[in-house]
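A single chain comes next, written as structure tokens; it is the form predicted on its own.
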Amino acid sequence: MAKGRTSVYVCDSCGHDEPKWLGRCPACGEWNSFKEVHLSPPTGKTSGIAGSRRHIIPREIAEPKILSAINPTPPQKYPTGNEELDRVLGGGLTPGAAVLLGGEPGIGKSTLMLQVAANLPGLGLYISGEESPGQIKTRADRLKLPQDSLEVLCETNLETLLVLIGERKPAYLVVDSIQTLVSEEAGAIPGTPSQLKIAGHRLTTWAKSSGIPLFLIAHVTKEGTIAGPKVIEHLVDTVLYFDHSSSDLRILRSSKNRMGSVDEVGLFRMGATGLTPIADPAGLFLEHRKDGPPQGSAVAAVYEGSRILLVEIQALTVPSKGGIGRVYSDRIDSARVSRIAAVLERHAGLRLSDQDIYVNVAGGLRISDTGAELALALALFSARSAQTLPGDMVAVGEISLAGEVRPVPHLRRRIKTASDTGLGRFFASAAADESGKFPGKGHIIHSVRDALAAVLS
């Protein structure tokens, strides 16, 4: 930087800086994105623009340690008071953990965080950049939450917030939302990638150094991903996504978790008193019909995290107008649907290449468990052949490219859960049972041909 310069031009989209204004950013290609940022005089020996923009904070130099000499004892986790959130977090909240929560507008992110914050031990701090203190108070009254252990502050200036939390040292911090924070170093427009990078880095650094849990609420794009640069998700310890499948059902899942598994799913029901955890969701996604299931419907027992869920897979096939079939599926990977359809056509003689295939999961749950592939194959067969499957049937199995039904783990638990729900006919591979014996009553299935033959009989 030239000596005596008092300002620099910074791109709002990517944070690239230039000594003079440019119409188009050479780094990200955005037009008219450069804003003038005034530089504060440096207080120490620094180099470059970044050093001239902030004061030097002296700190102790960390010494490297031998790996074998490091204490491997993980920090003690403590419950948040919400069983479903604890399940997704990996057993509870870890001191100093940074948790990022994203979801669509109005889905219940602020409600969940207010419920959790009001029940955590110690005096916490809730930072709101979108709602007034009166609105937060009204919601807390409606949810009948304890209010003596939570402080509320409406503040969007990042530097002011860092000074405040450094002085008060709350037991935990909730920021709603990170897109509303503004740092003087990145201009005056909130929500830009530069603002999010600075806010995310400084807040997570503070959480790690202080050992205080941090919750960050984030906006999402129209594609459903967290808005802003991906570096925010790399900085935090846990990334949670809040989704909905029906008018009142909410699904919480983790896409990243340094403190536990990412396979767990938390289920809530939204009501007048806020979000209520669903303790026993085994048959939650099943539709109990008096006249039996419709054509193209099959029940699968899927393993999500540490529990079994029974879901109804629905399939519909219609002749393709262009002669080449397409697959429409968002709850099950469309590539998996195409693979199962190809196996059925090759090994079962079921022509699906000239059909448009529509696949849905009742209740809106996204399925990644390979144990649902046999149920998917039976649903496709039922839709294409116009034959109804038995109403008390549950299918469990993974399908190989050779048309074999491969074993899946936790078969006993899957069948027991189905039996407790009233489903008594099982289609599964006997090899999935560790003892070598098929648990319960049902059909031993070795291939998709066996499965179709059992259905037709």
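From 1 onward, residues are counted along the sequence shown. All values derive from a computational prediction rather than experimental measurement.
One more form of this protein exists, namely the form predicted together with a small molecule; it is left out here, but the text below deals with it.
Asker: Would you mind picking out the stretch of 160-168, 276-284, 109-117, 339-347 that comes within 4.5 angstroms of the small molecule in the predicted complex, counting non-hydrogen atoms?
Answerer: In the other structure, the partner sits against 109-117.
Asker: Of these, E151, E155, E104, D354, which has a heavy atom no more than 4.5 Å from the small molecule in the predicted complex?
Answerer: The residue from E151, E155, E104, D354 that makes the contact is E104.
Asker: In the predicted complex, which of the listed residues (P74, G134, P319, G271) lies with a heavy atom within 4.5 Å of the small molecule?
Answerer: Exactly one residue meets the criterion: G271.
Asker: Hey, in the predicted complex, does H219 get a heavy atom within 4.5 angstroms of the small molecule?
Answerer: Taking the distances in the predicted complex, the answer for H219 is yes, it comes within 4.5 Å of the small molecule.
Asker: Looking in the predicted complex, any heavy atom of R326 within 4.5 Å of the small molecule?
Answerer: Residue-level check for R326: no, no contact with the small molecule.
Asker: Are any of the heavy atoms in R139 no more than 4.5 Å from a heavy atom of the small molecule in the predicted complex?
Answerer: Taking the distances in the predicted complex, the answer for R139 is yes, it comes within 4.5 Å of the small molecule.
Asker: Is there any non-hydrogen atom of L143 lying within 4.5 Å of the small molecule in the predicted complex?
Answerer: Yes - in the predicted complex, heavy atoms of L143 and the small molecule come within 4.5 Å of each other.
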